[in-house]
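Read on for two forms of one protein chain; each stands alone as C-alpha cells, with the labels structure 1 and structure 2.
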Structure 1
Amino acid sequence: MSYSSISDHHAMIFDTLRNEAYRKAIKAHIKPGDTVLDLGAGLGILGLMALQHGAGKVYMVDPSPVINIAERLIQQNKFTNSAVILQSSIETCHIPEQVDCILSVFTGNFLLSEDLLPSLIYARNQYLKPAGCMLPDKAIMHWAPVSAKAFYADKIDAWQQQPYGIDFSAVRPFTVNETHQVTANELAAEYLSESAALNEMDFCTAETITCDAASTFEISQSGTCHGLVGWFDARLNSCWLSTSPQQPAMHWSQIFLPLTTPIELQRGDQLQATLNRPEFGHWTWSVSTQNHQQRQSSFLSTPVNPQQLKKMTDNYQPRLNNPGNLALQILEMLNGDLSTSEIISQLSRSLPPGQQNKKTINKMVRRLIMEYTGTEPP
C-alpha cells in the first residue's frame, strides 16, 4: 500500500483507539526538548502529538507526497520552528543528529505485511540514541483455527460455480493460497480453540524481520476448520494495543489463511500448524492432524510463467531489454545539464523506429526524475 492519497489516511487519523494509546505513550516517554523521529509520518499526527507534549524537534519522514500536507498542518498549528519535513524513505534521507525517540506505525496487518519493519530496524540502527526509546517497542503475533463457512463459500468455493455457463474452477487454487485481509465482521468466524502466541519481536534488538514458528492447538469446539486467522499486539509504553478480532476494531485488519481442503475437527483433537515468512518473502502455512496434512503458500497465489520463474533464481544472468536500455539512457542524461523537455525531445529524435513512442518516453522520464533526482545540487 502506497498511502499516497488522503483517503488512505482517513482511517488512521480518525482511529481514536489507536491514536489515544499513542498519545498516552508519547506523554509518558517524550521529555521537553527531546528530538523525535516520526517514521512514516503520513499527515504527521504522531509528530504533532510529540510537539504538543514538549518535543524540541521532530523529523517527519515519509516518501509519499502527503507529507507536504503535514508541512501545512505544522504551519497551521504553529510548530514551524520545531519540525523538519523529509519527503524520502528513511534509507535515502539524511538526519543530521541522533534522536531520543522513534515513533512509527510500521506494523502491517498480521505484523509483517507490507514489509515496513525492516525500515524501522534501519532507522533504529542509524539514528536512535543508545538510551533512546521506540514506540512501539515490541509486538507479538497470534493466530487461531476457525470455522468460517459463509466467508469461505463466498471467497473460495464460489470459484467452483459456473456463472454464465463458464467454468472458473481453475481460479480456486490461486485464491486459496492468498492471505485474505478481513475484519471480524467480514469473517464471522467461530473459534475452534484458544489462540496461540506465534512470534514475539523486540524492535529494540531485532536485526531481521522473519517468522518461522509452530503451534499446537487443542480443539475445544467441534466444527469444520476453514483456515486460521492471525493478528498482532503491539506494546506502547506499558499499554498493549491489540488488533485481535475479539477486541474493538481499529484501522488494521486481521489476516485469514485459508485451507485448500477444510478439515472436520472434534473436541479434543490436536491441530499442528506452522507459519513461515522470510523478510520480503511469501507466507507459507501448513496444518496437520493425525490423519491429514496440507501446505500452502502465497507464492502460489499469483500465476507465474516459466520465464518469470527463471528470473527469480539466484543463478539467472540478467540482461537489459529495450525498456531497460531506455531507462539506462535516461538516467545517464539526468546530470543537471538538460531540462525535462530537452531530454524527452532528444530521446524522441534519437531512438530507432519502433521505440519512438513519445507517450512512453515522457512517462518514463518523469517517473525516473521523481524517483532518482534531488531538488538541490549535491
Structure 2
Amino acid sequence: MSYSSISDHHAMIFDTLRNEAYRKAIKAHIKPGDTVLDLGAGLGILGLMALQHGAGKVYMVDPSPVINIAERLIQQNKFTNSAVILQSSIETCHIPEQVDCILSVFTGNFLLSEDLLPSLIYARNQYLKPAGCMLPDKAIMHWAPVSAKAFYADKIDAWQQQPYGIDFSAVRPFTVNETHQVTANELAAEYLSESAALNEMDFCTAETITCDAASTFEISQSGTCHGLVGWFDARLNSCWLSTSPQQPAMHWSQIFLPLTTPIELQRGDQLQATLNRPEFGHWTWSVSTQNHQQRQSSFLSTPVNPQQLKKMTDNYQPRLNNPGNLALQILEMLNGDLSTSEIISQLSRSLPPGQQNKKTINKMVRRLIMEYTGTEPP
C-alpha cells in the first residue's frame, strides 16, 4: 500500500477495535511528560492519543504527505504540548533526542508483509532510551491448514477455464505461488487442525525480521487441504491484539498460501509444513505428508526479467545509462546557485539534440529536487 491518500488511512482510523486497544495501552504506559515517537504516523492518530494522555513531546514521522494533515489536527484539537512533524522515512530523518516510547503499526498482514518491521528495529536502535517502551513490543505468527473449496476454485482453478475461448492455464502456476490477502469471510475456510504458532518476535531485542519455521499439524477434521492461512497477534505491552480469522475483524487481512495440488487429509494424519521468509524477501512454504511433498514460493509468482536479475546479483558491475548520466549532471547543478527554471533551460541547451526531450528533463529535475534538496536535518 502506498499510504499516500486519505482513503489508504480510512480503514485504520476507523478500526475502532485496534484503536481502542492502542488507546488503552497508551494510557497505561505513557507517563506525563514522556517523549514519544509515533513511527509511521500517517494521520497521526497514535501520536494524537499520546498527546491526549499527557505526553510531553511527540515526534510524528512519516514519508507520506498525509502527515501534514496531522499538523492541522494538532491545532484543531488545541493540544498545547509539543509535537514535531517530520515528513520523512525514519531512516532519513534526524530526531535530536532519545524517546521514552515508540508507537507504531508496522505489523503487516501475517506480520511480515510490507517489510515495515526492519524500520522499527532501526528506530529502536537509534532513538529508544534504554528503558524505553515499545507499543507493540511483541508479536507472534500463527497458521493452520484449511479447506477453502470455493475460494480456490475462484482464484486458482478459474485460470484453467477458457474464458472468451482463450486458454489462460499458463497463469495458474504463477497465482498458486502468490500469497493471497483475504478476509475470513472471503476465504470461508474450514480448519483441518488447530493452528500452530511460529516465529515469536520480541521487538525490544530482535535484530533481524525473518521467518524460518516448521510446524506439525495433527489433522482433526478430514477434508481437502487447499492451503494454509496465516495471521499474527501483536502485544501492546499488557494486552494482545489478534488478527485471527476467528476473532472480530480489524483492518488487517489474513494471508492464504495455496497448494499447487490440493491434498486429501484424514483425521489423525500429520501434515508437516515449513515457512521461510528473509527480510525483504519472498515467502516460501512447503507441506509434506507421508507420501506427498510440495513447495510454493512467491519468488515463482512473478517472472523475473533476466536483465533485471543481472542487476540484483552481487557480481554485477553497474555502469550509468543515459538517464543515469543525465541525473548525475542534474545533481551537480543542485548547488544552490541556480533556480529550477535555469537548470531546466541550461540543460535543454547543453544536451545533444537527440537527448533534448524537455518533458523528460523537466520531470527528472523536479524529482531530483524533491528527493535530494532542502534543509539539512538539525
Partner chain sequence: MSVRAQNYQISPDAIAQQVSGETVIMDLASAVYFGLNSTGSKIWQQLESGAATSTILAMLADTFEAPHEVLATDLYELLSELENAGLITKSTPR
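Each form is matched to the other, and the largest set of C-alpha atoms that superpose within 1.5 Å is called the rigid core. None of the values given here were measured: they were computed from a predicted structure. Start at 1 and count along the sequence of structure 1; that gives the residue numbers used here.
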{"item": "Structure, 1 versus 2, that is the form predicted together with its partner chain", "value": "2"}
{"item": "Hinge assignment for the rigid-body change between structure 1 and structure 2, options 304, 212, 169, 142", "value": "304"}
{"item": "Distance moved by the residue 80 C-alpha between structure 1 and structure 2 (core-aligned, Å)", "value": "5.5"}
{"item": "Cα displacement of residue 312 between structure 1 and structure 2, once the rigid core is superposed (Å)", "value": "2.6"}
